[in-house]
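Below sits a lone chain in structure tokens, taken as the form predicted alone.
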């Protein structure tokens, strides 16, 4: 199956320290580095590194950061033919790492130009893809328009991050929704617990829960997949890796349980190295290590 990822491209500016600064405090950090990122590009890279047939749709600036983003995607075999170059600067993300956790601030930049006009130009091309993967670092109108125009044969997967409310017609059409343990309440506008929400929601809702693994529903039954035991170095990009891996698993016709386990293992492996895309595993790191314990 051909996978189209429609989403954001950002250059990550990463600062690592022993702890996060308090409000108004100046803190000396130990490490600084830059790396290609953005939830859309991350999910495309995760999919491609795991063997997916991936094309990326999005926008970067006519600047060196835009060149860096395209180079990073091309190196792992992603088709970037339809990425548009615009006058706005390439998006950036400021990431603070401390104690195995992160805080992220995003400046969208060129990502705002992945808009209705861009979709109009890409409409016939997008219709040829079997699966469409999206996130919410591009305009919400873009997400809604893609869903409205989707062909019946197309599988739609949405990672609702950054967290935002999704319109009813989007929720009704999306095949798989992949929020984390805080995003689900905002995306679905609910105050119910994870378990109650899963019971009351149709198949296709998967909630990632960090150290508690993943919960999902299938045929009215709630299932839990335990977290993978790894030494966590950097959690940046773990959720994107899960989404990209899940898309690949579905494209290979894995069962839902197999797909969740595959994505869960990939997401865990992504936390064992620094950098969102650099830490994403390749297929050989996942194959051959799957057992039947979960």
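Only a predicted model underlies this, so the values are computations on that prediction, with no experimental measurement involved. Positions refer to the first chain, counted from 1.
There is also a form predicted in complex with a small molecule; it is not shown, and the following applies to it.
- In plain terms, the part of the chain that comes close to the small molecule in the model of the complex, with a heavy atom within 4.5 Å, is 89 to 97 out of 188 to 196, 173 to 181, 123 to 131, 89 to 97.
- Site residues 37, 104 and 276 are all in contact with the small molecule in the model of the complex, judged by any heavy atom within 4.5 Å.
- Taking the partner from the other structure, the small molecule in the model of the complex has a heavy atom within 4.5 Å of a heavy atom of residue 236.
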